[in-house]
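Only one chain is given next, in structure tokens, and it is the form predicted alone.
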Amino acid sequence: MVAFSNGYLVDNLTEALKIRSEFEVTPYAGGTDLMVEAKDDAVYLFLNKIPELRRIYSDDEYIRIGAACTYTEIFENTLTPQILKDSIDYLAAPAIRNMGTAGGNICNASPKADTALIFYVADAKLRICSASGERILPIEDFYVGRGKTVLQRDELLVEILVPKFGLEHYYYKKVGARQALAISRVAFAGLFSTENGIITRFAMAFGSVADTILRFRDLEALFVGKTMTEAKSLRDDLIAKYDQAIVPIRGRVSADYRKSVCMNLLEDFLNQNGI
């Protein structure tokens, strides 16, 4: 460990968790968000030298992405699903992608977070560790509001666990003021799969709409297990239910605009999948 006037630099996870449990520190990996609002009295725990947080590998069920992996590292890794690469391709500029990390993006808890939207729709889980143990929870359970998470003061996000299967047939759109270097006005990700004519996966997530990313599993369940013919007969009912469920907040654009874009993207997703 190396101590600085503004924090601690460590090279292993055990030491990082020990410091996290003993001191009031702010985890720091790429710093692309933290640098914007840097405070003179902040004490940081620098994590970008910890090997456990910088690796990407797979097991039988998940692609496991270290929380301190940069967007560039994730994009260039052959294990990374294409839907996640697509979201990174529209994210910021190369200089930011070279520094910014997936873990930082998640812990920042912004509903505009491009990669968090993909982790939502993919049913990703988060591995969270402290000096006393670890827990794994769905990413949806991690957020409790804009800028707010369930991460405890002695915990660190260590890995993002992305399911290996069922991500091939996807739909992703990011609507912004420009084609690149734009914060989302609305973002949408969807997954769709069938087997023997039966819908086995129907998932959608909406970003930049409310205080957290939106996903309505009860509405998705209306199509899972149905034939395509049955799904087509339920299309109008599904659209009406989403129209009720999506209640955007006003931000840089109006709530009416966000609602209109959400519904257009939903209908395009259905059309592209033959529903």
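Just so we're clear, the structure is a prediction, and the values are computed from it rather than from any experiment. All residue numbers refer to positions in the sequence shown, first residue = 1.
As for the form predicted in complex with a small molecule, it is not shown, yet the points below apply to it.
With respect to the small molecule in the model of the complex, the three residues Val209, Leu222 and Leu265 uniformly fall beyond 4.5 angstroms at the level of their nearest heavy atom. Though the small molecule is absent from this view, in the model of the complex it lies within 4.5 Å of a heavy atom of just one residue from Ile136, Ile198, Ile183, Val150, which is Ile183. In summary, the region of this chain contacting the small molecule in the model of the complex, judged by heavy atoms within 4.5 Å and restricted to 107-115, 162-170, 78-86, 198-206, corresponds to 107-115. Although the partner is absent here, Tyr28 is a contact residue: one of its heavy atoms lies within 4.5 angstroms of the small molecule in the model of the complex. Contact check for Leu91: a heavy atom falls within 4.5 Å of the small molecule in the model of the complex. In the model of the complex, at least one heavy atom of Tyr71 sits within 4.5 Å of a heavy atom of the small molecule. Interface residue remark: Leu34 is counted as part of the site for the small molecule in the model of the complex, having a heavy atom within 4.5 Å.
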